[in-house]
Structures are given as structure tokens and as C-alpha cells.
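Taking the form predicted alone, here's one chain by itself in C-alpha cells.
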């Protein structure tokens, strides 16, 4: 329910956050919990899940690439709460290599998590979201709106996620459920290092990365206000607009390597 300012309260609402054991997902889960929501955080790392259970209402094992794992987690959530009001589809992985070093198997691995994994979880919980008039928050990326060097697999997965989400929004037009696509820029986490992109900073001199807590605040805001798309940071918005007006000029501005 929205208040007089149009902002929704999450007190006692059921919020599911995937990939909640670190980075954006962890900060997002904490931010929703601080509003009084009943937050379910999911992930695969058992040690981190045990720690997460001390902060949230529930921490569950979920492998978004495994149909059975998603089904078991979904059943547990619905059995316990009978509803879901917000799903933050955040689980994701990165792969950043030149195209000639990115084979089909590598692309399939990234797509399995970033696209098919997000779709799998969304499909499992959409009936509950439709029933509650809730919101699906898809954590995509600015890399889902334009291309970047050494990002062929990652950009493909995020472009696919955005396209699926925008089409889903049309399918849900006659319901009270909403789909929000959040597009963060580069984040101040070990994401690129963990993905093996050790030259990210050298390839992007002077780039100011966004702290994950700021992304979490923007995700909470997006879930409250439910815009179709939320592009985070003024720089990202400017580059997105420039890409729409003149992709050729943007390539020159960014001096792709």
C-alpha cells in the first residue's frame, strides 16, 4: 500500500532477494530488513548463509541455475509466508574477456545465471507477486543497454534480461504487479576481480565506482516508486542518453579498447 506521497511501506511485507550473501544483494537485504520487511535472502555459500540468517527473517539455499533448487526454495517461502510482495532478482556472475577468448561454453555459463536464472526465479514467484500486486525488481546493468569492450558474454546476458523484463511488463499490464529494471554502473566490490578482469581499473582510468550500499538504497527506492527503468548515477544517465542520440559519438567519447 502506498502512502500519501506515493511511497510504499514494506512493514511486514515479504521480500525475496537472490544473491544475498555478498555485495549488492547483501546490502539490499539489509536495507529492506531495516524497513520492517520480512526478508528472505538466498544464495549458495553455506557459511555466508549461516551468517545471513542472523540478520534476516530467513536465509535459504537457492541455486538459480537448478530448477529443483528453485522449486524447493519457492515452496519453502510460500509455505512459511503464504505471499511474496517483492522479488529482487540480483544473483549474477561476470565474465570479461576479448571475444576470441570467450567461447560458447563461457557464454552459456553466464547466461545460465544472469538470464535463465533470473527468469527461472521470476517465473516461480510471479503467481505470488501477481496475487499480492507486488513488484519484480530485475537487477540488470548499464551493460544491458549498450556494449562494452571485453563484455560480450556479460552484455548479452543483461540485454536479454532487460528485453525479457520489458516484454513481461506488457504481459502483466492487466494485473497490479509491476516490473522494474534497475541498471547500476560499475560497483565498488570485488566483482570484476572475481570474474578475472584484473585490468578493469587500468582499462577505465578515473572511473568512480558506486558503493553497493548506494545501489541498495536505489533498489529500495525503485521498489517503492516502481518506475519502468532506473538507471543509477548521473554519469550513467548521461552516457545512456548519448548512446540513444549517437552511438558512434559515444564510442569515440569512451575510447573503447
Ligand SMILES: NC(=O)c1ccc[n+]([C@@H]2O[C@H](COP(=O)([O-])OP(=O)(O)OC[C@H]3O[C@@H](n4cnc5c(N)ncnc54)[C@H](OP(=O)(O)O)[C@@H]3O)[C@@H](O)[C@H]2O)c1
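Positions refer to the first chain, counted from 1. If you're wondering where the values come from, they're calculated on a predicted model, not measured in any experiment.
Below, we refer to the form predicted together with this ligand, which is not included among the displayed structures.
### Query
Just to confirm, residue 48 within 4.5 Å of this ligand in the predicted bound form by heavy atoms?
Taking the distances in the predicted bound form, the answer for residue 48 is yes, it comes within 4.5 Å of this ligand.
### Message
Residue-level contact is defined here as any heavy atom of the residue lying within 4.5 Å of this ligand in the predicted bound form; does residue 233 satisfy this criterion?
### Response
Answer no; every heavy atom of residue 233 is more than 4.5 Å from this ligand in the predicted bound form.
### 4.5 angstroms heavy atom contact with this ligand in the predicted bound form for residue 190
The answer is yes: residue 190 has a heavy atom within 4.5 Å of this ligand.
### Query
in the predicted bound form, does residue 63 have a heavy atom within 4.5 Å of this ligand?
Yes - in the predicted bound form, heavy atoms of residue 63 and this ligand come within 4.5 Å of each other.
### Query
Can we say 22, 43 and 186 each have a non-hydrogen atom within 4.5 Å of this ligand in the predicted bound form?
Per the other structure, all of 22, 43 and 186 touch this ligand.
#### Entry: Among 97 to 105, 164 to 172, 134 to 142, 75 to 83, the region lying within 4.5 Å of this ligand in the predicted bound form by heavy atom distance
The contacting stretch here is 134 to 142.
### Query
Can you pick the one in 113, 179, 129, 124 that has a heavy atom within 4.5 Å of this ligand in the predicted bound form?
None of the other options qualify; the answer is 113.
### Task
Between 143 to 165 and this ligand in the predicted bound form, list the residues on our side with a heavy atom within 4.5 Å.
Heavy-atom contacts to this ligand in the predicted bound form: 154, 158.
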